[in-house]
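Okay, so here's just one chain, in structure tokens, the form predicted alone.
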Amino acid sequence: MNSLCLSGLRKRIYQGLRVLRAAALATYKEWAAYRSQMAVSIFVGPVYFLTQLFIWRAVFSTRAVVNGFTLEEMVTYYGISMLIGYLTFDSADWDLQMLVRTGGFITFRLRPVSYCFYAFCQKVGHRILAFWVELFPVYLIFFFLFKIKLIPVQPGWALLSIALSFILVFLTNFSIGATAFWLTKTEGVRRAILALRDLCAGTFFPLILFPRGLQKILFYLPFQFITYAPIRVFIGHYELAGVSLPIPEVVGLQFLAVLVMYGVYRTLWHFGIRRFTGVGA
């Protein structure tokens, strides 16, 4: 019996890897034909970063430290945040709500592959393309133009943390997209939730700049593990709400956050799929 179970498990893993490779490669080739659209980030990203640089230079002109951050650390924070954003960017929420809204989701119900897994494979292919079209050129701009050396203190933990952030962003966005089973058209809700998510994740500014009471709330939410925690792992030290944690514990908590969001996704999917009526098909 155990031998049969192991054999079945190996077969499922092998099939999953084949689907991952095929879907990721197809997405990579599809978007490679329109890579000029992605290349716009080479200009938009550095301009946004330059704006932050001017703002924080003005803030630090009257003080040397802001909530434990020096100007160099603050600039590094935004540089890492931007690179992580390129790696973890996701549109699963928009894709799913459009399929539900137009009725195109019916075709995926007939396929032998889970739509969630297929969407994840698409993200993998899309972000592999983004690595050399967006991230690598911007990294060179940061390194040579802004003189920022974005090198992780502990590369292994940093890569693991970014990988978990990659999965967490997907599960979060997919869960947001699943609200289309109830709302059909979710533009307003999506934008509001995504803005709140980014605020709680530390994308706009470090969470340690919030009041201490609010930091304690953010500490127990999973969103900090999307941006703030990976950046802290990248830097090599973590602190929030007066709590300092070693890097392995931060990554462990990040893994728990992924499990929590997976549970949220499964719950929404379980109840939402029953409401799908093929509207628009």
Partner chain sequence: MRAGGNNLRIYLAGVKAALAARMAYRGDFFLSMLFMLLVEMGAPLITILIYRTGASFPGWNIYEALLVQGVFLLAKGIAFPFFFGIVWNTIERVQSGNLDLLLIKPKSTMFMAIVTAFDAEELGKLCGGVALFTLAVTRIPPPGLLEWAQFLALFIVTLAALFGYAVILAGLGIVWVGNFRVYDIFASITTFGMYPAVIFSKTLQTVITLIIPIAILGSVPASALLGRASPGTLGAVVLSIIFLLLSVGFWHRMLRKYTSAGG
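Positions refer to the first chain, counted from 1. Because the structure is a prediction, the values reported are computed rather than measured.
The next section is about a form of this same protein that is not shown, the form predicted together with its partner chain.
The stretch in contact with its partner chain in the model of the complex, judged by heavy atoms within 4.5 Å, is 53-61, chosen from 22-30, 236-244, 252-260, 53-61.
Not one of Thr107, Ile128 and Thr267 is positioned with any heavy atom within 4.5 Å of its partner chain in the model of the complex. Of the heavy atoms in Glu187, some are within 4.5 Å of its partner chain in the model of the complex. Contact check for Ile217: no non-hydrogen atom falls within 4.5 Å of its partner chain in the model of the complex. Although the partner is absent here, Leu221 is not a contact residue: none of its heavy atoms lies within 4.5 angstroms of its partner chain in the model of the complex. Contact check for Pro211: a heavy atom falls within 4.5 Å of its partner chain in the model of the complex.
In terms of contact with its partner chain in the model of the complex, the residue from Leu140, Val113, Ala195, Leu159 that brings a heavy atom within 4.5 Å is Ala195. Of all the residues from 15-52, those having a non-hydrogen atom no more than 4.5 Å from its partner chain in the model of the complex are Ser36, Gln37, Met38, Val40, Ser41, Phe43, Val44, Val47, Tyr48, Leu50, Thr51.
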